[in-house]
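Before any questions on binding or motion, here is one chain by itself as structure tokens, the form predicted on its own.
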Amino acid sequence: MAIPPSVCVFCGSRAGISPTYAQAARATGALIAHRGWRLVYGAGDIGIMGEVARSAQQAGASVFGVIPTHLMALEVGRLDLGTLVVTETMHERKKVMFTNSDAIVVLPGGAGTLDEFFEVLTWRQIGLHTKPVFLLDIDGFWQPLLALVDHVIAQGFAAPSLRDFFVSVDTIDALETQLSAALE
């Protein structure tokens, strides 16, 4: 059986203060399932990370989770996934998630999500991959990040092409359009 196109979702292990973050996470999981894609994510069952996975699973998606040993208890690692990989380190977690995906979607999140985004962005910048990367800018969540990237470019620390290595979308419909074009 062939593996369907796989979408890696990086996002928060917390819920955030706005209910729209959880709604967007659930909609992202449902989108992945309805398109017949596989979800690749951090294997936790908390925050919006858990929302994405539960939604994808309930809608019939194959789910591939990756979690380091030291976060199994803290992030309530899910054992009922189609595939569960337990790693030793956070870096190994990111690498396994990235390697097993065809596209990356970044939902709202904290320091870990920023780390994940900047790692795949850096890998793209230095030519290690050409996978599409999407920021889901629900309620303008990523506007400060986009301003920071523009500032880094304006100050001469990155070429303007840095902005070409990811796409910011502000609705689930726009995400579906972009992901579909990239994966099908």
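Note that this is a predicted model, so its numbers are computed, not measured. Just count from 1 along the sequence shown to find any residue number.
Beyond the structure shown, there is the form predicted together with a small molecule, which is absent from this document and is the topic of what follows.
Checked against the small molecule in the predicted complex, the candidates 96, 71, 103, 86 yield a single residue with a heavy atom inside 4.5 Å, and that residue is 71. Residue 16 falls outside the set of residues with a heavy atom inside 4.5 Å of the small molecule in the predicted complex. Heavy atoms of residue 11 reach within 4.5 Å of the small molecule in the predicted complex, making it an interface residue.
The shortest heavy atom separation between residue 115 and the small molecule in the predicted complex is within 4.5 Å. Interface membership of residue 49, defined by any non-hydrogen atom within 4.5 Å of the small molecule in the predicted complex, is confirmed. Residue heavy atoms within 4.5 Å of the small molecule in the predicted complex occur in exactly one stretch of 131-139, 115-123, 24-32, 153-161, and that stretch is 115-123.
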